[in-house]
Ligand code: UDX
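One chain follows as structure tokens, the form predicted alone.
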């Protein structure tokens, strides 16, 4: 099939190449001329495991091209994916201006029947607005269908998630569109769920909000475990072995970040309010997530007593491992607070330091964990990269001024750290 992907952020730049890998011909469109120029030169603007190889392979085989022209992409394609950003407004509501603008331009450019797919995370009833916009600006009354096809990609494993999905949700208003979208995704061999458009739109927000709720529950539970003298890792292992609950996303830590959970929880609260419902539980999820970072900062301060004039080493800057994404990363709040209290910061992340350099001031970015530890009064772990799980702890202990590790991701076993001579603080243990 011939497909146009409008928007080359995380969603578009994974969706397009993965669909090309299935044998489709893809035109990727973005209004950022510098980004398109980079992509044409083979420079991939984001770090995502496996993505670089897929893009280069399919460019070489002629299945992917890049352009700034929506008209070009639409005229060449049968299916149009809208994968532009929907950032939050100050009130939490999603900013749909890019979606509206793209819908209008698609309407101007259509010359034959098209399936227009909302891939961006959008509030319920957006599909109706997209259809209204296209109908209004579609001067030649070209036939079309609008589809909602939410993405469930996790940064750090997005290529794997696309190629091996738990399910594919397709919201439609016509059997014609359902048939086309089913044929598109059949090669993946996954469960395909056909729903109405409004249900598909809510499924995305409901899924992410529920997962955020599981994380916040684990973090609240961790506080109870610390007070009771229990071990959060043992508790969630016991809970997660229940098939009704499951172990995934029951990880205590310093809270969720990234581009999806904070934005989607906030947006879903606002969506519910607009529909006349007060979503109390999600407001608590947001509060718990904010407070978890504050609790962790207090743990650092309690351990060091006074952070002023201390050198603190930070391991991990990205909001999660296997990505360079710094959006809503807990490390930003933690570093900013410690600096405001007079601490100096050394930091290292395997992939995110180029991005972090634009967001953080007066931080010494280091080449590896050992340079971070050298002369530091404590080491703080903010991201659970595998590299950190395998560091030479004896070497780290000798480099630190004081053998203190404050672990926000529970990557080490407390007993092992005690035996290695560390003062070790973690979450819920």
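If you're wondering where the values come from, they're calculated on a predicted model, not measured in any experiment. Numbering follows the first chain given and starts at 1.
Absent from the display: the form predicted in complex with this ligand. The rest refers to it.
Open item on the list: For the interface check, one of 108-116, 351-359, 296-304, 208-216 should have non-hydrogen atoms within 4.5 Å of this ligand in the predicted complex; which one?
Closed with: Of the options, only 208-216 has residues within 4.5 Å of the partner.
Task: in the predicted complex, the one of 188, 272, 178, 153 near this ligand [non-hydrogen atom within 4.5 angstroms] - done: Exactly one listed residue reaches within 4.5 Å, namely 153.
TODO: Identify whether this ligand in the predicted complex is within 4.5 Å of every residue in the set 385, 412 and 429, based on non-hydrogen atoms.
DONE: Result no, not one residue of the spot touches this ligand.
Open item on the list: Considering non-hydrogen atoms and a 4.5 Å limit, does this ligand approach residue 127 in the predicted complex?
Closed with: It does not: once this ligand is placed as it appears in the predicted complex, residue 127 has no heavy atom within 4.5 Å of it.
Open item on the list: Is residue 257 part of the interface with this ligand in the predicted complex - any heavy atom within 4.5 Å?
Closed with: It does: once this ligand is placed as it appears in the predicted complex, residue 257 has a heavy atom within 4.5 Å of it.
Open item on the list: Would you classify residue 251 as touching this ligand in the predicted complex, given a 4.5 Å non-hydrogen atom cut-off?
Closed with: Because a heavy atom of residue 251 falls inside 4.5 Å of this ligand in the predicted complex, the answer is yes.
Open item on the list: Although the partner isn't part of this model, could you tell me whether residue 261 comes within 4.5 Å of this ligand in the predicted complex, counting any heavy atom of the residue?
Closed with: Residue 261: contacts this ligand in the predicted complex.
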